[in-house]
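Only one chain comes next, encoded as structure tokens, the form predicted alone.
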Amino acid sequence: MRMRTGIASLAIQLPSRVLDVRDLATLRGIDPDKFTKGLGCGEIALCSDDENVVTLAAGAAKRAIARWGGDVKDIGLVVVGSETAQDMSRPLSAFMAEAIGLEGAYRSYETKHACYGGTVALRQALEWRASGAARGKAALVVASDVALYAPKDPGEPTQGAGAVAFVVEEPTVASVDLESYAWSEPVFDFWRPVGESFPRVDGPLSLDCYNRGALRCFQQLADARFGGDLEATFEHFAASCFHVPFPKMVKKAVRHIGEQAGWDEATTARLYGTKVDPTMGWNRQVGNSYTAALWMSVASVLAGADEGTELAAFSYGSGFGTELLTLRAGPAAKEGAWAAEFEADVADRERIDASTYEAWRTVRPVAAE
């Protein structure tokens, strides 16, 4: 008999600093509209000198475990998905476990596939539970990242940081369908060679891959459940969440799907405006948190959702790999306790100005430091 499995607890951790992209635009001598209207960006979450990918992961994990209320001895799997390398051998799961004092009879490892790594971690935990190998134990899964680009890089306004943690056990927050829809191609659209501090990006190729992956995944879902009708697919779900490198990239992907499906402009605008754009409110306050970005969006939709609410979640990782998942809100989603934590983190952040940011970049050049 297949074990009931899904998200039993969910938590978010944001860093303690924030920069308005309009201030960054002024610093770089660029029209702020290019960042706000052109990219759809709002704020950049930034780490202080004592924060990094590990402290973010640990903070989110502590919150998720506390809200779960279970015994940590019943955790049999600990996985951290990230593209912010801390060490080439020791997994981030070990750094995080050390930070929260977690040890015992559990499997521990790190998953990496650019921004898709958090989704891979969650999928493996779900499949581990469903297979029976878990023997009734829960999994702790964390997606954590710090996105930094070289100063003056075109990607600088899309920077961000954050972590989303899940306890995978009973589907009290949400159930996740084990049937998903994936598409991968081996390309170099975004990558960071060993020893280099910042990623290399082929922007046009990355946009094209993202669009192609989104279309391929949604078409598979449409073919499997909605007779191939993409419009009916989007209409069915209360929300369709996407990985959010920056909001305009998501809008272009929906437009691409609409063009391929033969939607008129009004239909595309309606579906984007009602099913997709509202899911990115938290992302606009955080920036790109890489592996956590999709799940930041999903968390915002689940918070306050009625039990049974269905949503789609499209994950993208450069290189490239994509996967489309479907979720159904559980009874604990309505309360959405993690939303209060998110709002508190946002309210407590130190808002820095452009000169402070410029000085900070001279001493904190790399995301993993």
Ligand code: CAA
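In case it trips you up, residue 1 is the first one in the sequence shown, and so on. Note that the structure is predicted; figures quoted are calculated from it, not measured.
Keep in mind that the form predicted together with acetoacetyl-coenzyme A is missing from the display, and what follows is about it.
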query: Contact segment among 247-255, 220-228, 162-170, 92-100, judged by heavy atoms lying within 4.5 Å of acetoacetyl-coenzyme A in the model of the complex; finding: 247-255
query: D31, K34 and G155 all contacting acetoacetyl-coenzyme A in the model of the complex, non-hydrogen atom within 4.5 Å; finding: yes
query: In the model of the complex, G308 touching acetoacetyl-coenzyme A (heavy atom, 4.5 Å); finding: no
query: Non-hydrogen atom contact L27 with acetoacetyl-coenzyme A in the model of the complex at 4.5 angstroms; finding: no
query: Non-hydrogen atom contact G38 with acetoacetyl-coenzyme A in the model of the complex at 4.5 angstroms; finding: yes
query: Contact of G317 with acetoacetyl-coenzyme A in the model of the complex (heavy atom, 4.5 Å); finding: yes
query: Contact assignment for acetoacetyl-coenzyme A in the model of the complex, among V298, A114, A134, L271, heavy atom within 4.5 Å; finding: A114
query: Contact residue in the model of the complex, chosen from G203, G104, P278, G262 - any heavy atom within 4.5 Å of acetoacetyl-coenzyme A; finding: G203
query: Contacts with acetoacetyl-coenzyme A in the model of the complex, stretch 279-293 (heavy atom within 4.5 Å); finding: N288, Y290
